[in-house]
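Encoded as structure tokens, the following chain is the form predicted on its own, with no partner shown.
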Amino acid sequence: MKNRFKQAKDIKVGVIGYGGAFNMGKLHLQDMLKAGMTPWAVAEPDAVRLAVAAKEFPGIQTYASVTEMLAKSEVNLVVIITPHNTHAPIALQCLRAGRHVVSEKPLAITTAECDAMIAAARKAGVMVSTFHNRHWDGSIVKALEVVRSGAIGDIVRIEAHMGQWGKPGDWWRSSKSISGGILYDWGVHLLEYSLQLLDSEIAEVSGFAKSGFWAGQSKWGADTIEDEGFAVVRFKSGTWLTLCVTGIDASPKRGMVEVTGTKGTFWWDYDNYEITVRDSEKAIVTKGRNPTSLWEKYYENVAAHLVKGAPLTITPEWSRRPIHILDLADRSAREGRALKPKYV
């Protein structure tokens, strides 16, 4: 990899997209600053949001477009915080300009887009990664501890689910063409959690979708995300994974992820977990709070990778794996058949 840095402060970071949603532009720059990197520039077409960035980070360079920032700025690491369907084209523009790239999740919408980004990064000798900060959520840290201890035995299946009964919001995440679909937001996190637990190659993916119920009440009309998306992933080990994200469930399931093993089950939500194991005829239930999340480890790892050559935790190939599943599930739902993976 080219562009190795002597120290973290030499990494001049630029944020692409400083929109108001979740204050993500500010949070990314703050987290990179904590990791020792230097906030350097912001590219944002909205002049009001650009002014906010200049106020929150005095002295930071501001640009109205990505093209202008790449042409005029010394930024050497860019973070893409824009709608999902723009991740790939913006990333390719930056990678071809020789900049390291971090993309907000999802890395892209299709497998082909991920492939193009990986190829461009290799050709330019730069890094591309996805901001999978939830790789270090307290919930998955606890889940890994429980599974590796053998407390619930061998994993048989993982059921990941999220949602409730309710109309999608009137913003771009509710547009199928912009967001990729209902599975592409939280579904990426749920898959990333699950793939940490399931150490096996993928055998096939089946997808199912229900659309039309909310479309008539959404500003996106026919382009509204699905009412519900469902995927089944079969692994070569014999284990399987289900993923469901819904807007039509009147009785939402408990927790977000449930892991069933040969000796017991483990489930968790944002804050809590519950372990149930069988001892002869008796069920032993242990409940607790998830440990503190360690999101700062993401940018600490990126800085260590760019400065010291430390292994990158969230590689582009790792980032591509959940996207490949979602891409296959989307195609499967349209074609009505299970699909074999290109990447296992």
Ligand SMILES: NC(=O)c1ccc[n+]([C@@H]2O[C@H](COP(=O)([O-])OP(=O)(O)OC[C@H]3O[C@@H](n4cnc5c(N)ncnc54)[C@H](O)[C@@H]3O)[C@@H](O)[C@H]2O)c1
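Given the structure is predicted, the values throughout are model-derived calculations rather than measurements. The first residue of the sequence shown is number 1, and the count goes up from there.
Note that the form predicted in complex with this ligand isn't included here; everything after this is about it.
Looking at residue 84, you'd find a heavy atom of it within 4.5 angstroms of this ligand in the predicted bound form. Under a 4.5 angstroms non-hydrogen atom cutoff, this ligand in the predicted bound form has residue 189 among its neighbouring residues.
Using a 4.5 Å cutoff between non-hydrogen atoms, residue 248 does not count as a contact of this ligand in the predicted bound form.
Heavy atoms of residue 43 reach within 4.5 Å of this ligand in the predicted bound form, making it an interface residue. In plain terms, the part of the chain that comes close to this ligand in the predicted bound form, with a heavy atom within 4.5 Å, is 97 to 105 out of 97 to 105, 154 to 162, 230 to 238, 209 to 217. Looking at 129 to 154, the residues that come within 4.5 Å of this ligand in the predicted bound form, counting any heavy atom, are 131, 133, 134.
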